[in-house]
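Heads up, the chain below is alone and in the form predicted on its own; it's given as structure tokens.
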Amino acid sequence: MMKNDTDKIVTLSKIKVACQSCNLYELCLPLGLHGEDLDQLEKIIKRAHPLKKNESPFQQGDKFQSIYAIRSGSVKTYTIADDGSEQITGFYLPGELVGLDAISDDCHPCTAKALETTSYCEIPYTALEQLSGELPSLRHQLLKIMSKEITHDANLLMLLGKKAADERLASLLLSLSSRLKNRGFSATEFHLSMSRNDIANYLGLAVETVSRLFTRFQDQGLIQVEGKFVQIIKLEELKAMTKECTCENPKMA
């Protein structure tokens, strides 16, 4: 059943929760850290005020200084082409890191924008790099997250280059399902924070195609849609549609 809007309200007390008591601990950067090691990481983390919808923690071309761990809400990243068109490169959920793609060139290749009220932790990269040199477990977790970024890029190329339109949308819904399940939420009932336009842009489809696919999936009894609220009714049939395992990754949502 549909969530009450009051469940989405972010309070300052929630933002200030320390890593060891955060319900995203097993998904985020502190995974594997304990005791004094975790205390050292917490000293460099900045817990900022929430972003309102459409606010940005960084924009394309900004100098790279920090990475950002999403605590609640969701974020999209996108690039602006020379002709002014927008290309969405990813969606991020709680427990995921935004900004890692800026490390190589020392500037952000894309803009991040909140899709809804979003709280986050800012982690200065210079301090993180120094600390990861002292803490093998932190370095291992950081490399693991970076590896997922590489895997995502490969999966996205395959998704856009080889999969049919219905497989693309099914893959997106399955990615959301599994990621939300890992966060303790329902795997079959969730709110889509991104618009149909955003979904179409990300999947390389026309908006009309995405709308038709949602209608077709609903007519086939695969899902039930009410506004932005989606209920997956036949999860296994959606999985069969993609013809292969849908890997979790930090951008595919």
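Being a predicted model, the structure only gives us computed values, none of them experimental. In case it trips you up, residue 1 is the first one in the sequence shown, and so on.
What comes next is about the form predicted in complex with the DNA, which does not appear here.
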- Just to confirm, residue 165 within 4.5 Å of the DNA in the model of the complex by heavy atoms? yes
- Task: Answer for residue 208 alone: is it within 4.5 Å of the DNA in the model of the complex, judged on heavy atom distances?
- Result: yes
- Message: My question is simply whether residue 215 lines the interface with the DNA in the model of the complex - judged by any non-hydrogen atom within 4.5 Å.
- Response: yes
- Task: Would you check, heavy atoms only and a 4.5 Å threshold, whether residue 204 touches the DNA in the model of the complex?
- Result: yes
- Message: Partner absent here, but in the model of the complex, which of 180 to 188, 40 to 48, 195 to 203, 62 to 70 has residues with a heavy atom within 4.5 Å of the DNA?
- Response: 195 to 203
- Quick one: name the residues from 37 to 75 with any non-hydrogen atom within 4.5 angstroms of the DNA in the model of the complex. 53
